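Take a look at this one chain, the form predicted alone, written out in C-alpha cells.
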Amino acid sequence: MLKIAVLVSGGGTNLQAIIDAQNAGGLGDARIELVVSNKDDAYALMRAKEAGIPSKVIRPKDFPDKDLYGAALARELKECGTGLVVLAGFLVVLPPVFIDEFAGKIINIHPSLIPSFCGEGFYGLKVHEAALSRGVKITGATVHFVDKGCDTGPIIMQKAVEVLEGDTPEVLQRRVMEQAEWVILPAAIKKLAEREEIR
C-alpha cells in the first residue's frame, strides 16, 4: 500500500476530493495516513478529523530556520511511512532538505496549465486573475512532481477548462476546481500508486 501524507494550508477542498475518491475506491492501492497543516485554524484539519484521518500542525514559525522546519516535517512523515507527499493548497515553500528527503515522491496541484501562469507569486485567485487579464480562452489545472524550483517539476497530468464570457476570478476558480483539480489530483495519485518506482 502507498501511504500518503497530504499537506494543506486552508479550506482543504482538494483534500476532500482525495478523501471522497479514497472512500469510493478511486485511489487504487493508496491511502491517506496523515494530514499536516502549517496553520492551526485550517478548515482542512476539520475535514481530516471528520474522515477519521490523523492530523498534525507543524508551523514554520515554530522553528529557528526553514531547514530545521523541513527536517522536522520530513521526520514526522517518515515516522508514519509516507511514500507520497501531496501538496493540496500548501502555501509554504518547502526547503531543499525536505525535497531531498522525498525526491521524486512529492506532487502538487496547480490551478493552471503549466507553463502558463505559474511560478513565484502565482497562487490562489492570483492565477485566475492573470488568466482573465491575459484573455485566454482555455485554462485548467496541472499535477506535477515537486523539485527545487517553483512549479518547475515534471508534469504528471493536466486537464483543460474553458474560460467563459463574464467569468470573474472567483467563478473561474470554482470551475477549475470542480472540472479539473478535483478530477486529476485523485487520478494522479491512483496512477502513481500503480507505479513500482514510487513505492
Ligand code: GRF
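Quick caveat: nothing in here was measured; it's all calculated off a predicted structure. In this text, residue numbers run from 1 along the sequence as written.
Same protein, other form: the form predicted in complex with this ligand, not shown, and the subject of what follows.
Novice: Thinking of this ligand in the model of the complex, which stretch from 113 to 121, 99 to 107, 69 to 77, 86 to 94 has heavy atoms inside 4.5 Å of it?
Specialist: Of the options, only 86 to 94 has residues within 4.5 Å of the partner.
Novice: Can you tell me whether Met177 touches this ligand? I mean in the model of the complex, with a 4.5 angstroms heavy atom cut-off.
Specialist: Yes, Met177 lies within 4.5 Å of this ligand in the model of the complex.
Novice: Is there any non-hydrogen atom of Gln22 lying within 4.5 Å of this ligand in the model of the complex?
Specialist: Contact with this ligand, no.
Novice: Is Ser55 part of the interface with this ligand in the model of the complex - any heavy atom within 4.5 Å?
Specialist: No, Ser55 is distant from the partner.
Novice: Is there a heavy atom of Asn38 no more than 4.5 Å from a heavy atom of this ligand in the model of the complex?
Specialist: Judged by the heavy-atom cut-off of 4.5 Å, Asn38 is well away from this ligand in the model of the complex.
Novice: Could you list the residues in 153 to 181 that come within 4.5 Å of this ligand in the model of the complex, counting only heavy atoms and keeping sequence order?
Specialist: Those in contact are Gln173, Met177, Glu181.
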